[in-house]
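Starting off, we have a lone chain in the form predicted on its own, written out as structure tokens.
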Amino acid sequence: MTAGAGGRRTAGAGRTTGAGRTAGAGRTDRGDLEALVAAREIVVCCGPGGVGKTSTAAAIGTMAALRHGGRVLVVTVDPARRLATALGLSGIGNDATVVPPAALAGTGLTFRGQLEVAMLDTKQSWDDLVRRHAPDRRSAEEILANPLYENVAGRFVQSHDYIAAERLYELHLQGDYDLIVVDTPPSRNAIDFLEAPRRMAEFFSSRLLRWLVAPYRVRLVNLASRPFTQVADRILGSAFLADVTEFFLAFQGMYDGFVERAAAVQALLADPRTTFVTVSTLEPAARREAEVLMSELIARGLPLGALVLNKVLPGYLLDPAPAATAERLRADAAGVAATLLAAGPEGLPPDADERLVAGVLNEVAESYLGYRVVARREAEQRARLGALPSVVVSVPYLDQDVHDLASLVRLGEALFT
């Protein structure tokens, strides 16, 4: 990758895919997830809740640090603290934490690059934003000391979603990382995450805000605003209104900056260096949410790069040869049972009941054929969903939950190979 507008380093320019081919910016030579990730600077993982999105984001970051080199950051804006557990860390916070190479002990693997993780702290991020962009130190301290600030920083105008997008922009602008992988909240909130910069810009540009603040700024209330303020005084109290007004007056020096930054954040999300990876399962509710989310991304002109489908039945269930064997077994379970008992294979007791053996064989055949029906249905659903993104990856059921770095690597290998 070449250096970006934020002074991004060129450390990733020579990194190669698993096949040994360099992935050029903006294209994927092999049409797979690894090549897509290698060609981008930001990967935003989004999708329904409970589908393995956090684990997928962590696995993508882990594999990038293992194979591609450079500095990789995985940051979660999901309030659920699952990322630390998945990476085998005791806890993570707003500041990036380096995953020690020793965490790979026993896997036989080593990081080519450096893996770091962070989790968004909304209040700390807002404090940092105010100190960084207030016109002077006095204005910053007035905002931070306002009685409403703590509440506002947690609830005001989708502050969590906006500050998450703002933090992503700041991290990218610093140019310290070759790849940033973002784990968003579940899909409905993920759309809020996408909308937050635009809504913040609209709010700070709104006539309502200017109408509210202007009368107090000139220390008079005109006839048009007096009925509103009289009612508000009775309901909320004049002290509350004064605190609100003082807060927005202190913020006024940052209005233009907020509007400009919000526009820059929107531009970053739509930049070709960014890609969105939608994560889902083929369960009906999750599938519908994922389909809606991908359509929303496309409608907003955002770069939908890949769809990851977790817990998908294995492809061999679609192979006609094993299916034909299962059909024959189901049709002649009694004959197969008699043949087995006559041959006396190891593991079968000499007095085994032929009917019981036939029943077991019939159950195995029925089960296989039943799974085959589900697998064919999944293949049809996969084909329909796969019409939207350029890359579709199916991850089968794993033999154990993702709970540490070693299991993350196993998931990552399934994603990348």
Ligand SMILES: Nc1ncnc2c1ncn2[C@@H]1O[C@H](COP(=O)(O)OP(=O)(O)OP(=O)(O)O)[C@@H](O)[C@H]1O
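Heads up: residue numbers just count along the shown sequence, starting at 1. Everything numeric in this text was worked out from a predicted model, so none of it was measured.
Omitted here: the form predicted together with the ligand. The next part is about that form.
Query raised in the report: Which single stretch, out of 307-315, 162-170, 99-107, 267-275, brings residue heavy atoms within 4.5 Å of the ligand in the predicted bound form?
Result: After filtering at 4.5 Å, what remains is 307-315.
Requested in this report: Go through Ala65, Leu36, Ala365, Val51 and name the one with a heavy atom inside 4.5 Å of the ligand in the predicted bound form.
Outcome: For this set of options, the contacting one is Val51.
Requested in this report: Would you check, heavy atoms only and a 4.5 Å threshold, whether Gly257 touches the ligand in the predicted bound form?
Outcome: Looking in the predicted bound form, residue contacts with the ligand do not include Gly257, since no heavy atom lies within 4.5 Å.
Query raised in the report: Though only this chain appears here, would Val395 touch the ligand in the predicted bound form if you measure heavy atom gaps against 4.5 Å?
Result: Yes, Val395 lies within 4.5 Å of the ligand in the predicted bound form.
Query raised in the report: Is there a heavy atom of Val402 no more than 4.5 Å from a heavy atom of the ligand in the predicted bound form?
Result: Taking the distances in the predicted bound form, the answer for Val402 is yes, it comes within 4.5 Å of the ligand.
Query raised in the report: Does the ligand come within 4.5 Å of any heavy atom of Gly113 in the predicted bound form?
Result: No, Gly113 is distant from the partner.
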